[in-house]
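Below you will find one chain, with nothing else, as structure tokens; this is the form predicted alone, and questions on how it binds or moves follow later.
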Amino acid sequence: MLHSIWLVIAAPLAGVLLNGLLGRHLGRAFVGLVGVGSVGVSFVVGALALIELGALPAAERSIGVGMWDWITIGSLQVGMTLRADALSLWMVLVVSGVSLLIHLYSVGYMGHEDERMFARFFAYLNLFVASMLLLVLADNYLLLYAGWELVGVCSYLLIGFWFHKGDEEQAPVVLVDGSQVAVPPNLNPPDSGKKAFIVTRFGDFGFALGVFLIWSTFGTLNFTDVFAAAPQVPTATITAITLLLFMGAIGKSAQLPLSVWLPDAMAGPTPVSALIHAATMVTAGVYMVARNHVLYDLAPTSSLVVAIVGAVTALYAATIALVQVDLKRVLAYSTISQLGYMFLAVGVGAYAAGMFHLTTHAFFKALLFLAAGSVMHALHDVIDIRRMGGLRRKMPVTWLTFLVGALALAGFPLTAGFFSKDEILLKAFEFSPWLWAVGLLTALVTALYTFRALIVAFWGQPRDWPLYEKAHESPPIMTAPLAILAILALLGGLLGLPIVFGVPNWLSEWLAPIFAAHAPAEKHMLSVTTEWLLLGISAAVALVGIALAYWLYAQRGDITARLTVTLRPIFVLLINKYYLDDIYNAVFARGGQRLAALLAQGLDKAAIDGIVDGGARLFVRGGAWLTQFEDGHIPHYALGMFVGALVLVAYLVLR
């Protein structure tokens, strides 16, 4: 099955063709079967390939599957070659497995769309999965870049899927003193799709420059050849390459300063949000850094930049999530924050820990988004938590599964998120206590905003009785994926046992042939007592955050209201997302428009048009002057010939 790994990509591509060409004519049942079945084939093939790979000796767990020569221009030779190793096949399993559940859920969630839109949606969704699978299986940088860009195109298509919708104004926040705080409106789907595509282009430009620099430095784009030759390359060059590649990761994974597109991506259908956040696009950056760990190990400055950007982004996004009133946007900022954790991990050299958290995050974040979609399905697309309350009585399955996802996200002891997050914090403490402190503070804020959203939406009394009366549980085709993901969010941490005492966990052992082959021997610096202390502190922080959220939002809502007034400047700063969008609008959007107007009026009209039009006018006037001599009088023509002859003789004499 390893040599047939191309089927992992071919199956969803076949789904794209079938649904794109025939879906609208053959009905929803055909579309759903093809859409779900094609991703199911990818999952089965990936699982069988992973089992087959596991049966091989550790040193042989890397198989190149060449299909055809793609580009041959002089010394540039790029093959359509896939790499089946421990890292790529693990990503195949995570991407296809979570995507399979999202596809199944989508059959019910998108059932109200007409057959044409339904078929188009699943064609796009299959293409999204195929693009990500191409990205993770690529054996060279050019093929990786092709998958990288295809993922971006698919996100643009799916975020803007409901192109007929307009901007969504949100009700202002009314404080206890009677004043109001305006909540920025949500962009419409087409503008959100364009924003995602344009913002990520900035990062992708750096990524492309990194690929060009790799080619000019190594003379090859093949991963194996580049990694083998990297130790002989000057550190400054490796640093430049890794920083340029990381620019692409900043864009795709929505890290500072290119984090602004991901919250607006919530304009797309909820299954799209789940797919982007849990299984595909945003994880591409983390995977890319992990895949290039050989280069980052040789560039400590770049690794430090990755770790600092990850830590700062994690805290930045978590604080914004504290005040969001849109349930999906709470989860969106949570994704930005959790991706910061993953970059913190790979930045400090804990690549297996970063991949572990990527895996568990895929479980509980897909669960939370799909549960939020279940709430929207029940409340006729209402997603403002200020209009909810008491939903646990109307939607018990959605409530319980959302609770499990919230516990995992908050790092509640023994859930999947607890194990993966704490392994990152342990590695961060070994690297720098300051980074660990930022990560720990982020964990506290994460538990607080997660349970704020859960308590406000599902606890207490309904705030909008007519809306509450319409609420109902989602159909089994939507709740079944929720139940499966809830089990994974609870038990997924078993992949990481044990995580203490310097003993590598199962996932670390599986990925060891990838990450340990070129890395220097890791020194375990923490004592057993220190590890237990750090684990205890992390667990206590999660419990304190949950308890604080319950006290503030379930017991003493009046304190929260008064704090909002007392801390109004901070509240306004957070509700406006640190004004990062406003800065970009002022500098790049409106600034770009003003620059374009200035160039149009100044350079284009005054200079370019002046030269072209002025030259034309000069010739017109010259021609008009010369026509004075074309009057039909022979003496005038003779005089002209005489003057011309004199000029010619003078030229010949004086030459």
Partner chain sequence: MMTEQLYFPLLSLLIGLPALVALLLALLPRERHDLLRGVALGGTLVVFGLSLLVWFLFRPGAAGFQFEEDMLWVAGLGIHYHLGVDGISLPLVVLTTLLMVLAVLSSWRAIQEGVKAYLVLMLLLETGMLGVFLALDLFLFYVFWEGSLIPMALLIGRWGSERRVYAAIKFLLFTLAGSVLMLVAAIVLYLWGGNTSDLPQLLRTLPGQLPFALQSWLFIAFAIAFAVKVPLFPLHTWLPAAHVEAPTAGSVILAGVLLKMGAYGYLRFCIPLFPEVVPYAVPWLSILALIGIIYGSLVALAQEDIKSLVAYSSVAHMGFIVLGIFALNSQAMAGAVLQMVNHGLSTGGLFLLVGVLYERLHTRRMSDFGGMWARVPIFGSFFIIAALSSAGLPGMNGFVGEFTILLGTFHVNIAYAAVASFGIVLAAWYLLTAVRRTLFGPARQGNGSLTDMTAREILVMLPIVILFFVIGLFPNWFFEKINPAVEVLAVQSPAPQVHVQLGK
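These numbers were taken from a predicted model, which means no experiment stands behind them. Positions refer to the first chain, counted from 1.
The same protein also has a form predicted in complex with the partner chain, omitted here; what follows describes it.
The partner chain in the predicted bound form comes within 4.5 Å of a heavy atom belonging to Arg201. Shown alone here, Arg463 lies farther than 4.5 Å from the partner chain in the predicted bound form, counting heavy atoms only. For Glu113, no non-hydrogen atom is located within 4.5 Å of the partner chain in the predicted bound form, even though that partner is not displayed. The partner chain is not shown here, and in the predicted bound form it never comes within 4.5 Å of any heavy atom of Ala486.
Listed residues Asp191, Asp384, Glu509, Asp581 were compared with the partner chain in the predicted bound form; Asp191 is the one with a heavy atom within 4.5 Å. Proximity to the partner chain in the predicted bound form, defined as a heavy atom within 4.5 Å, singles out one entry of Tyr550, Trp459, Tyr468, Tyr145, which is Tyr145.
If you check the partner chain in the predicted bound form, you find no heavy atom from any of Trp261, Tyr333 and Met376 within 4.5 Å. Stretch 153-161 is the answer when you ask which of 344-352, 277-285, 440-448, 153-161 has residues with heavy atoms within 4.5 Å of the partner chain in the predicted bound form. Of the residues in 195-229, those that come within 4.5 Å of the partner chain in the predicted bound form through at least one heavy atom are, in sequence order, Phe197, Ile198, Arg201, Phe202, Phe205, Leu209, Val211, Phe212, Leu213, Trp215, Ser216, Thr217, Phe218, Gly219, Leu221.
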